[in-house]
Structure formats: structure tokens, C-alpha cells
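Just the one chain here, laid out as C-alpha cells, in the form predicted alone.
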Amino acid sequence: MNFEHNGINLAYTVRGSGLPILLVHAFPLSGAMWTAQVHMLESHYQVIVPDLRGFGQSSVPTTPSTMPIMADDLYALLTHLRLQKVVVVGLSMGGYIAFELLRHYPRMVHALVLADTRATADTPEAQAARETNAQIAETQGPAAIAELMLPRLLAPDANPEVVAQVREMILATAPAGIAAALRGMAVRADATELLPYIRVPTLLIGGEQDVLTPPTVMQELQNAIDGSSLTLVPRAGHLPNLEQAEVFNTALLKFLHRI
């Protein structure tokens, strides 16, 4: 299905019925990364899976895809679907967007799952690295981004089928979409001041072998969010929902049953 907002055509799928679960994907992937979770959830919940602007089947913006802009896209989509409260599940960049939903539309967030993400803003060095990668995407294409990112996204012994799946999603992404998101992430606001005020049920999930947001980062989030719980996934890097789907799904389902 498709929904137009501010000149951008957003592709999304809706499966099942019940408590709405919004799955917000990581960079530089698409909603397809959630396939294993959709299969698990759709028999008991309503699952909404968007392709963020510039990714998957959604159209590509001509300006940076900032986190507030992408949060506005999702708010408009949920309003279009007549949903007032959802469980927000955000992984990596999806977590950055979840923080913006909390900042601007807190009444819409019924519960929160933050996977392999961080609340802090980019350092100047990280911002420079994102700009370098944006230019690589624009000049060399998504294949160059895949080669740069795959070793950091996945555990060293990741299943070759998962590696191939992630590579395929990156290769299917428009260079301009990759660059727009990189520039948007680089200027994102620090969200640490939000953490003590999060009062909705919150689950944190991290890959034990994640080098981008290591377990120490996830533990810091748990310490800052009152009442939150943390699951660390063995033999997984930055994408535990793909690398160890069964473990990720079990943690998610227990959390959803509990709330």
C-alpha cells in the first residue's frame, strides 16, 4: 500500500489485527528486514511496516531525511490509518526516529522497543564520517556502501544467507536515499534528556557482538529509562532481528504479552 505525505510516497504494509505494532527499520535497509517478526506477530497483533522515505518502495527525497521529518511521516501514516496508540519498535535509525515520536507525539506511543540504538547525538567526527559516506553513496553507489557497512552490521560468523539478504536490501536502495538519511542522522538531536521521562513500558534489545552500539550503550539506556528491561542477543551484531530471529522474537513476544 502507499500513502502520500509532503510530496513523498510512503510504501507500507499492514498485517493482522489487534494491538498495533509499528516496526521502524534500520539504515540502510527497508521494511523487508522485519519479515521474520511480521510472520510471528500477525496472528495476534496488527503489524504496520513502513519503508521510510528513500528506502524500499518509498520515493526518494531531494533534501536530508532528518529524524523529525521521518517521525512526521510516520505520524501522518498512523493518523491516516486512524491509529491513536501503537507499540513502537525501532532498530538503530529506527530508534532515533522513535525518540522523535516520543518528543513530538508522546501520546501515540503505547510502549517502546529500542534495539541497537543510542540516545546521544553524533560527535563532529561521526558527522564527518556520515558526510564522507553520503558522498561515497552518491559517487560510487550502494555497492560501495554495502562493502563498507556489512562487516559492521553483522557478527563475524553471521549466516551467509543473512549476509546476502542484507546486501540485497542495501543494493536495492537509491544512492540519494542513502545520502539523505546519512545527512539526516548526522544532525539529529541528542535524546538523552528524554530518557528519564519515558514512562511507557520499554524493552531494550542489543546484539552481544554489536560494534556500532555495543552492549555498554544498551546498558546505559536501561539505567536511564526507569523500569526498562534489557535483552542481549548472543551471536548477533547490529541486526539481531535478522541474525538471531528466534531469540529476538521470543524477547519481543514476552514483552508484548506482559504489556
Ligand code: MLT
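Throughout, we count residues from 1 along the sequence that is shown. Values in this document were obtained by computation on a predicted structure and should not be read as measured data.
One more form of this protein exists, namely the form predicted together with this ligand; it is left out here, but the text below deals with it.
Candidate site formed by Val88, Val109 and Val200: none of these residues places a non-hydrogen atom within 4.5 angstroms of this ligand in the model of the complex. When you look in the model of the complex, the only residue of Met185, Leu78, Ala158, Ala71 with a non-hydrogen atom within 4.5 Å of this ligand is Met185. Only one of Met169, Ala179, Met93, Leu154 comes within 4.5 Å of this ligand in the model of the complex through a heavy atom, and that residue is Met93. Among residues of the shown chain, Leu212 is one whose heavy atoms approach this ligand to within 4.5 Å in the model of the complex. In the model of the complex, this ligand lies farther than 4.5 Å from every heavy atom of Trp34. Within 4.5 Å of any heavy atom of this ligand in the model of the complex lies no heavy atom of Val233.
Although the partner is absent here, Arg103 sits far enough away that none of its heavy atoms falls within 4.5 Å of this ligand in the model of the complex. Partner contact region in the model of the complex: 26-34, out of 216-224, 26-34, 200-208, 39-47, criterion any non-hydrogen atom within 4.5 Å of this ligand.
Within 4.5 angstroms of this ligand in the model of the complex, the stretch 40-74 places no non-hydrogen atom at all.
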